[in-house]
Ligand code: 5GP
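Only one chain is shown below, in structure tokens, and it's the form predicted alone.
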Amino acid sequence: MSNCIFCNIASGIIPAQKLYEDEEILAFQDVSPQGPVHFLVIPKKHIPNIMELEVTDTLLIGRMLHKAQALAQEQGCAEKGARFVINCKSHGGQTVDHLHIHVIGGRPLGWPPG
């Protein structure tokens, strides 16, 4: 989608500080980090939100979560942990209509989130 910022990042039109990329997924640093560690993992396929996943996307979302875990470990979050977040639509706090996983760590995070 030409008006989707994450599609434009995935296609290389908009630059990003990439942590990982393959044919299906991309991970990059968040431009407004909420902790010492804050990156996003997105599918290159445009999926607006988690409510619109198809059964055929099961392996894709699994790969995204597994890569988020591996990158969190690489970023130093293995011992103390991190928060893995998928916001969905306006009431869920989603601000970009493209499925993405936030991984936030490197500091204690309170609950409930603000």
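Position 1 is the first residue in the sequence shown; the rest follow in order. Computed from a predicted structure; not experimentally measured.
Below: the form predicted in complex with the ligand, not depicted.
- Contact with the ligand in the model of the complex, judged by any heavy atom within 4.5 Å, is made by just one of 59, 51, 70, 31: 31.
- Of the heavy atoms in residue 12, none are within 4.5 Å of the ligand in the model of the complex.
- The closest heavy atom approach of residue 96 to the ligand in the model of the complex falls within 4.5 Å.
- With a 4.5 Å cutoff on heavy atoms, residue 40 counts as touching the ligand in the model of the complex.
- Proximity of residue 4 to the ligand in the model of the complex falls outside the 4.5 Å heavy atom cutoff.
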